[in-house]
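This text opens with one protein chain seen in two forms, each one given by itself as structure tokens under the names structure 1 and structure 2.
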Structure 1
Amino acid sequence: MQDILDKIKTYETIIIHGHQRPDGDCYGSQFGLKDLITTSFPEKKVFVVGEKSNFVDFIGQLDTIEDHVYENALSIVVDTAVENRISDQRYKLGKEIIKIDHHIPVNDFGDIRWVDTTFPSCAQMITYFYQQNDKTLKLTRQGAIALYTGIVTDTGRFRYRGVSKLTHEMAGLLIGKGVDVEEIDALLSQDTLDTIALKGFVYSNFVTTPGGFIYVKMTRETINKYNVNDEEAAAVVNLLGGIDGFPVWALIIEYPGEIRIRLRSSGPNIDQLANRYGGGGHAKASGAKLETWDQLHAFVKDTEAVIREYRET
């Protein structure tokens, strides 16, 4: 961390990158870090570049910069493990590159790397960086809002296992800087009539199988009717989780040419099942594919077998 602070002190121009399709933690880390630097060192020029996120637009507004700005500049990439997922590949134009991330490393890019997978969000790392250097660094309320939003979104509101004593300590520190927790919650919870109509569809059209599998099918017709994009589809699968008696659940979406399954579990590992159906992923969250709807019956039977085996052991 001392290296990173030294580099920040050295450079006059600093450009902060995140990943493609940025989420709350990516935006929160980018804008939180920008706030830290500009508030502590007002003479420096700091830019946040990358893709726009409508979901967490309240955190801050992106900068548009020309290539020459990277001359003699420091690039900092936050919250990104995979090099080709860095949004705006011009980060390479920077004189030096710093990587700050909490994911398991995939590519070792960057001249200085601070990677710590014990942090449940990258925003918690930036907050910790601030706290450890609070004699030098300053943070405004808007910066605290950015970092708090990152912590809240990446931990599912303090619900995931990576949440530690330090997570709560950092959240408390940010609240102490003036974050209004109800305001942020309202901004993150905003639904539209379309989204709740979609929820109505899911809750009224799910299918349960005798073997403990619950799923919902989304045909092209349904997708068009409810105007579902990929991000919303990802959220929809969670609606069927945590239901008593159904340890495995799925959202099955018809795409042109193939049928994709978003598979989730609170019990058995389902990654090997997903492997058998042209997919893969994590033990409790995987993706799989069907060629046609005719294969669904076999997939259901195979899923039930996985559940049965889990229950018997």
Structure 2
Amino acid sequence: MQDILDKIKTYETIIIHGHQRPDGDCYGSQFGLKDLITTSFPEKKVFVVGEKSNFVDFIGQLDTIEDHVYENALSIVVDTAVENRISDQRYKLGKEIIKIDHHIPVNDFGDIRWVDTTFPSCAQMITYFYQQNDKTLKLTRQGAIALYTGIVTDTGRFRYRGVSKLTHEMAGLLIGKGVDVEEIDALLSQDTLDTIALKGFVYSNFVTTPGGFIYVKMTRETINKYNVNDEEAAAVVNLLGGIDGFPVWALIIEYPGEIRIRLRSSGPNIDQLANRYGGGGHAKASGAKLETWDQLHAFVKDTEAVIREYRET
């Protein structure tokens, strides 16, 4: 953390990247870190770049910058374990690169790396970074909202494994900075009629296997039919969680040009399985991909093997 703080102090221009299809933790980490830096060092130029998240866009708005801005700039990549998933590959144009992440490492990119899988969210890491350097760093209410949103979304509102005493302490610190818990919960709980209809599709079209795997396929045709965006479609993954007899579940969703698997578990570790299919993540929550729909049969069999091994031990 000291090395990161020293680099932040050194550079006049800092550009913060996240991952493709950003979630609440990615956005929260990016904008929370930007707030920390700009509030603490007003003379610095700090930009957040990447893809837009409609779900949590109340946190902040992305910057649009030209390539020349990266000259003699510091690139910071948050919440991203896989290098090819970094949103906006121009991060490589920075003079130096810092990686801050809480996922199981896949690619060791970056000149300075702070990776700690004991943290349930990257936003909690940024909050801890602030707490440990509170004599130097400052944080506004808007920055606290960003970080709190990141913690809340990546912990399933404090329900997932990995939530600790420190998690609640960091959340409490942010509440002390002015976060309105009820307001954030209301913003994150809003549904449209279209997303309600999509949830109905999930409950009506899931597939179960004899080996204890439950999943739903979501094609482009389905996404278009229900008039939802990709972010709204991906958010329904946990509808299939907690069903008795099925410790592993997945949403297999077709994006333009690729098929992504949002894989979750309440039992066996599934990160190694995700690695075999071009992905990675946490032990109980990972992402992977299929080259074609024809590969789905093999993925189902491999998932059942993971479940079977877990049940036998």
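Take the two forms, find the largest set of C-alpha atoms that superpose within 1.5 Å, and that set is the rigid core. The structure displayed is predicted, hence computed values, not measured ones. The first residue in the sequence of structure 1 is number 1, and each one after it adds one.
The form predicted together with a further copy of the same chain appears here as structure 1. Once the larger rigid part is held fixed by C-alpha superposition between the two structures, the smaller part shows a rotation of 27 degrees. Lined up on the core, residue 256 has its CA atom moved by 12.6 Å between the two structures. Core-aligned Cα shift between the two structures at residue 241: this is 3.6 Å.
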